[in-house]
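Heads up, the chain below is alone and in the form predicted alone; it's given as structure tokens.
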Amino acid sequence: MSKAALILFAHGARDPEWAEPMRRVSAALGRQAPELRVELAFLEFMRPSLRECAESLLGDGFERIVVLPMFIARGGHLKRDVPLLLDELRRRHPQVTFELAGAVGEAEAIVQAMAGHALTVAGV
């Protein structure tokens, strides 16, 4: 079995507090699966970039990297920009498996969690 890591990949923002929910997800994963290496990476405005993060993991010997987009839905960035970034990483590092998961917000469990939260907020 190859050494695997998970990158939580978010859009990024100029305000550093914006990334706090992603840090909380990363910390929760660390508690639930301490054997899994989890890192954060960002498309723009924040560091590390996806490439920087992936190359750091490669330097630590990871052979399989799963990229989980922390996006609500699959828009232009996930349809165009992210596949190009992953294609570049695959060309530069053909010995490594890079996998792109679906947008986290499209997972049924997340849709149901958002619906449940909306009902709570509405007082239903």
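Nothing here was measured: the structure is a model prediction, and the numbers come from that model. Residue numbers here begin at 1 and follow the sequence given.
Unshown form predicted together with another copy of the chain; subsequent notes refer to it.
Although the partner is absent here, R64 is a contact residue: one of its heavy atoms lies within 4.5 angstroms of another copy of the chain in the predicted complex. Within this chain, P83 is remote from the site of another copy of the chain in the predicted complex, having no heavy atom within 4.5 Å. At a distance threshold of 4.5 angstroms between non-hydrogen atoms, L68 is in contact with another copy of the chain in the predicted complex. Using a 4.5 angstroms threshold between heavy atoms, P48 stays clear of another copy of the chain in the predicted complex. Contacts to another copy of the chain in the predicted complex (heavy atom within 4.5 Å) from stretch 13-40: D15, E17, W18, P21, M22, R24, V25, A28, L29, R31, Q32, A33, E35, L36.
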